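Single chain ahead, by itself, as structure tokens, in the form predicted alone.
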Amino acid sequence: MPTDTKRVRGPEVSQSPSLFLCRPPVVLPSQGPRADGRQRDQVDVRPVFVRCGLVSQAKGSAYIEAGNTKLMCCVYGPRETERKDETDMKCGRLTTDMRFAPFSCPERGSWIQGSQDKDFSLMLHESLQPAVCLHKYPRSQIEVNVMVLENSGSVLAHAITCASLALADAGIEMYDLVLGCSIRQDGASCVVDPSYMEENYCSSASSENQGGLTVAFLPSLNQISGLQSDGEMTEEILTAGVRTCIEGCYKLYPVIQQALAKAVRKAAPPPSES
């Protein structure tokens, strides 16, 4: 087979030379406004852009963009399940798969699903399953695939929102939409919807109250379907963080409702002239 002599292909594990430059350590300010102008210790989420039905081959799809964080979700099914057991006879099966594109992070990744992708897929499944009426789809499975196009922080929270919107766009019966919000606790300071820099670099020298929290919330039912935390936080800080995440979900709710209503009106047939 002839080779393309006009194109120089780089190795699969190539990285940008800028990653090997000797840069000073990144120090984020612990007080005052954040790097993008948002305020600390307030429910100040990034502006969100949402669209439904962008992938014609999927039963339902959604795209969400929050700052520089960009995700795409596709839903396939319900289709006949591959594995049949007694559980599948009574209710359906929900499968989730979340992956990062190789170009989504500062360091180029691989298409092979890593440990972080598997953990996020499991958290996504645990957050979505309580909201889906699986008993309406016996002997069937519903596949949810999330692709992170650009990682600029709060990926899991926005993946939960995007997957819930794609399920609704696919016409899957649900008890309620699932919205995600995350915070980052850095000592006495708290940031809502943290960016990539805020998630990976701390500005406080003390090791107390350092951690992150992600909440999956059903706004109409006022119930929490999933909660994931890491780091060390006291009970008071954790309780206040959950309340803050719920407020962030309520701020996001009208935007998701508007995007879903717009997709339904676009897909509806035109009124017949009598």
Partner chain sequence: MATVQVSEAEKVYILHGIRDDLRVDGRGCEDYRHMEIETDVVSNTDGSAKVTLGHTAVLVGIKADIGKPRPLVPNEGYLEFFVDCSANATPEFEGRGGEELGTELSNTLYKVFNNKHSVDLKSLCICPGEHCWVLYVDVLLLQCDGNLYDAISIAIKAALFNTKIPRVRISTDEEGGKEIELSDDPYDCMRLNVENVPCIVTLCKVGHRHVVDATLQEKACSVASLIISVTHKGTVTCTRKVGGGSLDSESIFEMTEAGKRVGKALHAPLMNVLQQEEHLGKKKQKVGFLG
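Residue numbers count along the first chain shown, from 1. Only a predicted model underlies this, so the values are computations on that prediction, with no experimental measurement involved.
From this point on, the text means the form predicted together with the partner chain, which you will not see here.
- Of the residues S189, Q129, T95, S140, just one reaches the partner chain in the predicted complex with a heavy atom at 4.5 Å or closer; this is Q129.
- This chain is displayed alone, yet in the predicted complex one of L149, M197, L122, M174 has a heavy atom within 4.5 Å of the partner chain; that residue is L122.
- Taking the partner from elsewhere, no residue among Q257, L260 and A268 has a non-hydrogen atom within 4.5 angstroms of the partner chain in the predicted complex.
- Within 4.5 Å of some heavy atom of the partner chain in the predicted complex lies at least one heavy atom of Q228.
- Contact annotation: V48 falls outside 4.5 Å of the partner chain in the predicted complex, judged by heavy atom distances.
- Using a 4.5 Å cutoff between non-hydrogen atoms, D41 does not count as a contact of the partner chain in the predicted complex.
- In the predicted complex, the partner chain sits beyond 4.5 Å of every heavy atom of V55.
- Residues of 227 to 243 lying near the partner chain in the predicted complex, listed in sequence order, are L227, Q228, S229, D230, G231, E232, M233, T234, E235, E236, L238, T239, V242, R243, the criterion being any heavy atom within 4.5 Å.
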